[in-house]
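The chain below stands alone, shown as structure tokens; this is the form predicted alone.
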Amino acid sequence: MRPPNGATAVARVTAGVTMSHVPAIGAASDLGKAGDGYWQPLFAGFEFSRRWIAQRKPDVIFLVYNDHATAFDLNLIPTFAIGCGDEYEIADEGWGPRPVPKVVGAPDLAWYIRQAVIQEDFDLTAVSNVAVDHGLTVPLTLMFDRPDAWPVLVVPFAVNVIVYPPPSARRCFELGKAIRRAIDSFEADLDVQVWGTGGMSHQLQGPRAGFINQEFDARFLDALVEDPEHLCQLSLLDYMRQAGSEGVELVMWLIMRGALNDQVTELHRHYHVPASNTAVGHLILENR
């Protein structure tokens, strides 16, 4: 809703979206296998989502993801990094860049969020000339399919959940609230969605490789909608024990949830097991 005549237009967060970002999902789309027997049930769960976002397309997506040792490695590990560049190339993750459009940024909004959030005592690293990997491109593919250009601007927000210690669930949730306050004070008429990606339960190595905990995933989805405070009380060890070592990516969903109202409307839920040894979860939440 636009402000009354004479009032200053400000940005607003209208919805939050969560989804897994399994690299094999991107490969299935790129190779034309989305309709194959193995992949069809997963992609079918996003048919509603694509119709919804075609009708409710935002101006900007604030996309929370984790880099997989493409833009960052052991030489540089920011806990939180916000993309402040004009555009982002697609990373080569070892088999060539995905055949998807480059990502166009929203630098004015990104710099503003960085300044506001740092003033609330969260440390954000500004990055500009970085390539984005499947953590960011697979969610865009799931929601927008294979366009010639992405139809939205994107603020990439990378969270370290690869090298111990990642940030706590509580810190991610409170950071989401700070990001929301920053967006709400940005003087521009922008519809903004916040996406949290990664997860759900999975482990890719060690004795528990292939671990999936569907019961925990279901409880997490319910709590994310109705009781995110409960999820903030879980320790990183709780997440790794119950959701696997890579399941700790779920703390990024709490950044999204913190950026929404206390009360939200769940428009759509999708859960599928497995997708390349991973439990795939997806929610669309709108602010009440």
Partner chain sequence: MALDKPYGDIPGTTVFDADMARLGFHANQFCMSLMKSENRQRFLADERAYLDEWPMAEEQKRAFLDRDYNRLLELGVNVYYFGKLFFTDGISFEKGAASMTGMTQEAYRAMMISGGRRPEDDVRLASADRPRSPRHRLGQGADAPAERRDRRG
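All values reported here derive from a predicted model rather than from experimental measurement. Positions refer to the first chain, counted from 1.
There is another form of the same protein, the form predicted together with the partner chain; it is not shown, and what comes next is about it.
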property	result
S49, D262 and H268 all contacting the partner chain in the predicted bound form, non-hydrogen atom within 4.5 Å	no
Close approach of S276 to the partner chain in the predicted bound form, 4.5 Å, heavy atom	yes
Close approach of S29 to the partner chain in the predicted bound form, 4.5 Å, heavy atom	no
The partner chain contact in the predicted bound form: Q214, any heavy atom under 4.5 Å	yes
The partner chain contact at Y112 in the predicted bound form, heavy atom, 4.5 Å	no
Candidate stretches 246-254, 54-62, 40-48, 226-234, one within 4.5 Å of the partner chain in the predicted bound form by heavy atom	246-254
Residue (of I118, A149, V163, A218) lying close to the partner chain in the predicted bound form, criterion heavy atoms within 4.5 Å	V163
Interface residue in the predicted bound form among E187, D191, D92, D86, criterion: non-hydrogen atom within 4.5 angstroms of the partner chain	D92
Sequence-ordered residues of 203-233 touching the partner chain in the predicted bound form, heavy atom within 4.5 Å	Q203, L204, Q205, G206, P207, R208, A209, G210, F211, I212, N213, Q214
